[in-house]
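Below are two forms of the same protein chain, given as structure tokens: structure 1, then structure 2.
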Structure 1
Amino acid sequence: MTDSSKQHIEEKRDVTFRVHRFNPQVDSKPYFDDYTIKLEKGITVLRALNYIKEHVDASLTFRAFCQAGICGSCAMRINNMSKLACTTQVWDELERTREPNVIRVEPLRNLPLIKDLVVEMDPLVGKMQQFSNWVDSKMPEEQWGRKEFLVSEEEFRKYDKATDCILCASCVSECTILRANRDYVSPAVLLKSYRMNVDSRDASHEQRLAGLVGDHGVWDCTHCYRCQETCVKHIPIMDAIHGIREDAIERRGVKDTSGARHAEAFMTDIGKKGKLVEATLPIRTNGVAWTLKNLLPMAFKMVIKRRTPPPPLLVKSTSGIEQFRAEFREMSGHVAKDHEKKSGE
């Protein structure tokens, strides 16, 4: 038998899946079960979980549907990162494991747990309803169905990437703000809102934007970029968030919300000194009354621990400030021209 006619045999290995388990009807708290099965190279995590459910433990519960990376149903945390189980190769994960040949599988974070690897999606759907994540057509109702409501290819490119979102909630799971505040709008809703606001056929732009700049809205994002880093469709979610902020400042002004005022104060400090004047930043963002009411106790603790920021007069400009200011003005000029161009369109 020649070498070319020999049957190809894939590498096989015993792999342990450490799977999060919780049945609210019988369990007082979550726990982990270990399932060790022999797999060959080329198997996805979802296929491995299907094997465990069919041949080892029929009680294991998880969501799955298309098995092709389209529906988003099988999103879960695999080795401490939110992913789609149907597109995640076991062999790739074995290279990232902390413990040899052990893959840890958990449900998405920041959403209520139902059972095992299944989470409740209603909170996300509710926020999408709250912020009208659909196109409210400008076309008069009597014209519906009689003619197409078209957009140009150039306009579509502005939100083309955003339409790739499959609502798997991986970005929601990895959002650091949602871990601290479940009322935060969430990156998935911000992405969908951006897609609707950019669409010229939409009639709810101002209403939607007013909600997005309110409490727990777009200004609460801390730019950790976790949502974008874990997006299974590689969508530039942070570009959408920045787009909403720029739109809010342009349409509603820099005095509209504390987030907008914070952004203005930040840019003013950077333009003048190349660094933040932290001592007065809370006052310029939220006012004297709010600062005294909410930050005075923390200020006393900082004084005791000698961690107070320097007074404004003692904040010296960064080295090379003149060159930096020139570059800053040039950058600001480009941004202003971009805004003028968008307004003209």
Structure 2
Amino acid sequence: MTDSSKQHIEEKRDVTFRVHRFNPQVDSKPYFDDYTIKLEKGITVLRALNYIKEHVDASLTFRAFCQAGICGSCAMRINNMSKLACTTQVWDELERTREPNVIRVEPLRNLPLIKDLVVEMDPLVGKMQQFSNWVDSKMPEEQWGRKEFLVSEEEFRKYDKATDCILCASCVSECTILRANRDYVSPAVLLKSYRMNVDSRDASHEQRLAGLVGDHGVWDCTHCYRCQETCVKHIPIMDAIHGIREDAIERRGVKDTSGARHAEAFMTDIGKKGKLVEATLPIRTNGVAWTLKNLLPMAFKMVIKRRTPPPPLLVKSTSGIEQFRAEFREMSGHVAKDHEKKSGE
């Protein structure tokens, strides 16, 4: 057998990486550099970036460590989606890119930019601290190491998937709420909080929950599911967020937060009329004082543009409301039974 027949030749292509550049010491604003390199099939985006750094431009800056998809360092936006550069095949990206043979590489969003593709992670760590993202053990420290807590495999499975999180911050980068408000707790921290709350060894469930229902907390999420779509470990983050909300309603009722009151008002309206009574929704959610202070200017603008919602008395019940009410009652009955079952356990 000759050498050439043994040689395995991969397909090669010229690929352009359009990379976000910013050095705070010299640049007033970010720009893009194009690097065109010849690559063979099977190469990851991180290896391509490493190649550029070593052979083309040593100043190109990004984080990378394990290069095996477990440390979470190299999360960045590749073709407008946050993901790990080390687990992303260049050839896969070429299939979904808008401009042929051009791959766009940008830093994560919603975190302060440091340089090129590197963002500051401290805000995320700060939120983990703020929301006590640790198990506060029911066992006093002096007794640690003597005997195990007994935990069933079933109970372990409640937080098994959530502990896959590698804090890569891809979900943080794609979160639509964080784009509007950086104080928002953020999906990764909600996921970790949920993981701690369902752990039977933890003693801080109530305090953690009290923090989560506050301003910029769990009720700010709008269910856009971007976090879950982008998660590099395929963790159902929205299940965790829903889990915290259900837990909050169950343990704290619906009176203490605007989010919970909002959900309650929704349910009342739907139950009564089959649709929303929008004009009074803000008052029922946030109270009269808040509504007057925050929404009065907008209400005036709406009047001028003739975009005001109908007054409550004019909101007619939808047709077929009788049948809907019956079904709604049945549904609510099931929910109530589930809750009884849960609290009886």
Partner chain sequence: MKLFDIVIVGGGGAGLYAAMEAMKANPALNIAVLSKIYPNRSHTSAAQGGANAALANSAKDDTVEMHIFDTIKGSDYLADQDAVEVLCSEAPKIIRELENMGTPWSRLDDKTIAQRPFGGAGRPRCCYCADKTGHTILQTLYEQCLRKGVQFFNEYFALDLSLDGSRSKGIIAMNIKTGKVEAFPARTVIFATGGYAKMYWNRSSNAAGNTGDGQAIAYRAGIPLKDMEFVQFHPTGLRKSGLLVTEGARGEGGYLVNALGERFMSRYAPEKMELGPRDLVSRSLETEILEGRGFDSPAGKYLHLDLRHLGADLIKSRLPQIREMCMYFEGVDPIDEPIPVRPTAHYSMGGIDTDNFGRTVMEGVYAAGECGCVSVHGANRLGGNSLLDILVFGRIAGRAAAEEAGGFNPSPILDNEVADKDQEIRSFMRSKGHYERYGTLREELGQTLGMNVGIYRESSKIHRGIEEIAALKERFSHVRVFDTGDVYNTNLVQVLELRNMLDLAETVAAGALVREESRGSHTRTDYPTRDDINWHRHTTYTLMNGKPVLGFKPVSMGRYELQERTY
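Take the two forms, find the largest set of C-alpha atoms that superpose within 1.5 Å, and that set is the rigid core. Because the structure is a prediction, the values reported are computed rather than measured. Numbering runs along the sequence of structure 1, starting at 1.
Shown first, as structure 1, is the form predicted alone. The two forms, fitted on the rigid core, differ between structure 1 and structure 2 by less than 2 Å at the CA of residue 22. Remark: with the core as the superposition reference, the CA shift of residue 43 between structure 1 and structure 2 stays below 2 Å. Core-superposed comparison between structure 1 and structure 2: CA of residue 314 displaced by 2 Å or more. In the core-superposed comparison between structure 1 and structure 2, the CA atom of residue 328 travels 3.4 Å.
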